[in-house]
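What follows are structure tokens for two forms of the same protein chain, given separately as structure 1 and structure 2.
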Structure 1
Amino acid sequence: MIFVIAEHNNGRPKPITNELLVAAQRVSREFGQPVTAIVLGENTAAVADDLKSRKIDRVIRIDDPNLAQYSPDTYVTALNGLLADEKPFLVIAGHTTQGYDFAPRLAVKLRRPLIAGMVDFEKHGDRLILTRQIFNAKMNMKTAVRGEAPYLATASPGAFPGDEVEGGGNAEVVSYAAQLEGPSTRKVVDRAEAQKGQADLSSAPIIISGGRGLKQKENFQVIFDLAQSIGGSVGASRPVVDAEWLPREYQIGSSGQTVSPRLYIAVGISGAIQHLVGMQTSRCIVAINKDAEAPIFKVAHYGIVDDLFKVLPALTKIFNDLKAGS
């Protein structure tokens, strides 16, 4: 069995959950293992009902008042009992603030290996090989898991395209009664959502990002104009945020958000490794830069070598004309 630890909010799975299910479905095809989504929390029926339409075998609800607020203590206790009973082959969680909070604790509790931040996998014989990136994504490290299952892994956001999750299923939904002695000894004092830009970039299908090639803050309007014409969201490189042209929540890269949209347009961005880490898994990358030697062109599927102040207004006009004529 392959277990996916679903992340959810307000009765809906988070985008990372679909990405985890894509990873699980791919491993399932290679190893012939069924896929089960695990939903922890309180009043999780809506989340389970949403997930059962994916092409998976089961959804297990661990529904308990003590899980109403996330805590690594209660998560580890609940999952420890479930894994002992079910004995899965692989457990996949998101490499998110929640995932890399509880997953290492769970691995220690189970005395099992954890591969953090996996971006790919291979099958060698009957062995599972997991790939993770190291040295700021400059190198890939392949790790063969060994010892007894379950093996644990966290999957990096954007590594597996969430829109490729297979649907059309009608998974069985079952409940598991976790043996929780009481609420976590940690007390949640307050909870607040991090401020986002105009859209949650982690799930945006189209992103237009600007870099310091825009020269000054006021010029960023051409990015917003193109984004509006194409129905996209706006992102930025770190130099833009450091210069306070845009707030921190717009930043994409190793110290910002990791994204994997269907279309990523990089405008005036040279392509430093710190930025590439955050967007190189995008389905289609278009680079616009007057420097033909800019590193961004090495990862771009399409490139435009020209003055962005001529290219962007022209593109914006084309998309606006197309919308007007539709």
Structure 2
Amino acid sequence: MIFVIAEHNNGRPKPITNELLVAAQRVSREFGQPVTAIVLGENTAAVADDLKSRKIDRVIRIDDPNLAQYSPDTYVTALNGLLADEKPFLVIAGHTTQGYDFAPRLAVKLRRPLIAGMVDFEKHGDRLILTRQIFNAKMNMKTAVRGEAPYLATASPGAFPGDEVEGGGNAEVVSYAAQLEGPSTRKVVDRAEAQKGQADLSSAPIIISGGRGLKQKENFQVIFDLAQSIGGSVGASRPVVDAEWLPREYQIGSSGQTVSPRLYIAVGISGAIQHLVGMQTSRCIVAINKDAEAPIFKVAHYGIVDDLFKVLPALTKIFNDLKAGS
């Protein structure tokens, strides 16, 4: 059995859940193990109903008022009981603020392997090999889980294409009664939007984004200059914002804005997964980076491998000349 820990809100599975199901369906094909979706929460009927149409074997609902809001201790207790009863082969959660918040605790409780941030897998004989990224996506590491099942994994968002989830199923829906000791000791007291951004980049047709490669705040001027010459908006990777070179609302990525412009120029940005998920659907992506191995080139259509401080002024000059000539 392969368990998928479904994430959901407002009675619907979140997009990551389809990605996890794709990962599970692929492992299922290789290892001949059926897939079960696990839904934890309160009033999970609608989510279970939605999920049962995927090509999976079963949906297990763990319905409990103490699971109404996600919390690591109640999730771990509930899943620990379920895993002891069901003995699955593999449990897949999302490498998300929920998944990496509880899965490591569950792994310690069970003393079983957890491969976090899985991006791919292989079958070597009957051994499961999981691939994860290391050194900020510069390298991959293939790991073999040790010992007996269950094995745990969190799948990196964006690594498995959610739209490839196989449907046409009519899975059985069953309920599981969790033995919880009571409500969580960690209580959610507030939930709010991080900040109301003025710099709404979601509809910008052209974005020039700068990263840590700019080195210091003053240097960001070359980004503004290019943006002005081309008629584009300015964006940034997270470290730029963390260092307070630009306000938070310029940040693009998993904890910033998601954009999909006609043209996205990434300057001095390495291409960490958290950045890519915020911009990889852009129609045309240009990367300017002095490191030919930077992962940003994986998603780029055009690339220049050189010093940004030489390339940007040259680009800006061309656009300014074009403007002057037209």
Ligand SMILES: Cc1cc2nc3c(=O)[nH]c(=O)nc-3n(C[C@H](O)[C@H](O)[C@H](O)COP(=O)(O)OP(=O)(O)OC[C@H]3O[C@@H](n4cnc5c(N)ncnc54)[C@H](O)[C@@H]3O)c2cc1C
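When a residue number appears, read it as a position in the sequence of structure 1, where counting begins at 1. Just so we're on the same page, rigid core means the largest C-alpha set that superposes within 1.5 Å between forms. Nothing here was measured: the structure is a model prediction, and the numbers come from that model.
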(request) Working through the pair one at a time, identify the form predicted alone and give its number. (result) 1
(request) Once the core is aligned, please say if the CA of residue 155 is shifted by at least 2 angstroms between the two structures. (result) no
(message) Is the shift of residue 44 between the two structures large enough to count as movement, that is, does its C-alpha move by 2 Å or more after the core is superposed?
(response) no
(request) Take the rigid core as the frame of reference and indicate whether the C-alpha of residue 144 shifts by 2 Å or more between the two structures. (result) no
(message) If I align on the rigid core, how far apart are the two C-alpha positions of residue 300 between the two structures? Answer in Å.
(response) 4.0
(request) After aligning on the rigid core, report the distance the C-alpha of residue 252 travels between the two structures, in angstrom. (result) 4.2
